[in-house]
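As structure tokens, one chain now follows by itself in the form predicted alone.
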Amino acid sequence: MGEDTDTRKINHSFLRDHNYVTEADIISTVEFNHTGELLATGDKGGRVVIFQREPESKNEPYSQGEYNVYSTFQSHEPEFDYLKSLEIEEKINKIKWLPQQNAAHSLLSTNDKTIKLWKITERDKRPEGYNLKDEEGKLKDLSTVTSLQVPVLKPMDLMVEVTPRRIFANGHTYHVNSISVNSDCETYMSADDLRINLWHLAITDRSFNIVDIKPANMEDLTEVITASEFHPHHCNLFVYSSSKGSLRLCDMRASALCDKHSKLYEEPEDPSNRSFFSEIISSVSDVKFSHSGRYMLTRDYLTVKVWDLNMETKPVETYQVHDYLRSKLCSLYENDCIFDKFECAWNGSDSVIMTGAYNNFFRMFDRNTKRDVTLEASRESSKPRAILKPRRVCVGGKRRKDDISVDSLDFTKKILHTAWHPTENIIAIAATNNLYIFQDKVNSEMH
């Protein structure tokens, strides 16, 4: 990484009016499909925007990799639970693509309660020359039909159609925080604060409860589920993380209800770092299996950790994301930033990891060289093919030119949602209501 990262170039940014940010425009999830040709974002207004990668043209060899809007649709609407007198937000919590089986694409999107399966298809031809219908589609008077003709398909402008195929409702009492598609391509799971359900993609009226950590008396509640994911290769394995900083690997072959985990990954707390905020900052906000399936990546408030599936006692790697905030935890607690849920991502070869931070900064860690870099997603770097310069946060002492003081960080600008192209060095960064897409134009591999 290091010097090579300086050559990371932006190839597109999708910027809405920066001075007027409505709550509905804030991006709440980002996800590449399995080939990386499509990129979906969800926002707090319940909309899903799909971007498609442009093919490389001979005239413009640098145009490949640019993503343009492919389709936009309203996935969820605000609802009201009359039984509990609760408003259900339309905000898209998660999007997951299904592996492509035919010409159509499919994705799952969820808000707090309802998961929907969407089908995305293209149409560039239309039938003409019906015998019993006129050009407007109305039925003809049969007495006027004197001869029969074979209808033909005529070319038309490309039209992208998005249709809801399934609606999976009434499966969760609490707010859905994650969904994950199984490697068997037939089932998926959804997790809320206390339960994880297993669904079949073809069946909407029932699901199987596979984890239930709800105590008989809610006053005895000590932890909640924060994220969950299926193993990329073994359809019987899944992991879920908790607000206490632990990971539980479960095997569905062991029993129908996986309340008893197969493995518990937990790092003993360092007594020297014990404070009032220890439990809050140890809560795991995201967990991701590596593409190889050998490792798990977790993010808590101050660090990202890499766990080996074969070692439960401690992580094999720990990276400090913004350790300079340790002295600021009191003020971060008062402004609620300490409860922010940052996501993390692997690159295609599992050699580099990425996660977000404050001030529109995001961090990258090279697992081989142990180098790390801080980059910024900003309007200044959003010009096409602008080079991203590494940033540095200074904590007291001498300040170099271009260093930013920890006291001048903007905590309202936070990068919670990131995604990495499955095979190439293309990353998508959601910064409030803006989507930035960066690409490494020089190196196909990141070292």
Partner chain sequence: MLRGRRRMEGALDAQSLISISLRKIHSSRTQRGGIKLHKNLLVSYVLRNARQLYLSERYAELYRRPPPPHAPYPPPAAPLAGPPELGPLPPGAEEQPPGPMPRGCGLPEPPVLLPPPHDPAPLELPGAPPQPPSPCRDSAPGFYRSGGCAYPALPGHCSGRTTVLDLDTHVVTTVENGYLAPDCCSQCPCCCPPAPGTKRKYYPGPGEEDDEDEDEPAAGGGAAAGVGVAPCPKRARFEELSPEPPPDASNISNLISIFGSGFTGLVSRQQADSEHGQLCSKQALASLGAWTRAIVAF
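Residue numbers count along the first chain shown, from 1. No experiment lies behind these values; they were computed from the predicted model shown.
Just so it is clear, the following notes concern the form predicted together with the partner chain, a form of the same protein that is not shown.
Novice: Looking at heavy atoms inside 4.5 Å, which stretch does the partner chain contact in the predicted bound form, given the options 351-359, 183-191, 313-321, 271-279?
Specialist: Heavy atoms within 4.5 Å of the partner chain in the predicted bound form occur in 271-279.
Novice: Would Glu87 sit within 4.5 Å of the partner chain in the predicted bound form, counting heavy atoms only?
Specialist: Looking in the predicted bound form, residue contacts with the partner chain include Glu87, since a heavy atom lies within 4.5 Å.
Novice: Is Cys330 close enough to touch the partner chain in the predicted bound form, meaning at least one heavy atom pair within 4.5 Å?
Specialist: Although the partner chain is absent here, Cys330 would touch it in the predicted bound form, with heavy atoms inside 4.5 Å.
Novice: Does Met218 reach the partner chain in the predicted bound form if we count a contact as any heavy atom within 4.5 Å?
Specialist: Judged by the heavy-atom cut-off of 4.5 Å, Met218 is in contact with the partner chain in the predicted bound form.
Novice: So in the predicted bound form, does any heavy atom of Phe339 sit within 4.5 Å of the partner chain?
Specialist: Output for Phe339 is yes: heavy atoms within 4.5 Å of the partner chain.
Novice: Name the single residue among Asn131, Ser255, Asn236, Thr173 that comes within 4.5 Å of the partner chain in the predicted bound form, judging by heavy atoms.
Specialist: Looking at the other structure, the residue within range turns out to be Thr173.
Novice: Under a 4.5 angstroms heavy atom criterion, identify the one residue in Val160, Leu98, Val224, Ile210 near the partner chain in the predicted bound form.
Specialist: By the 4.5 Å criterion, the partner-contacting residue is Val224.
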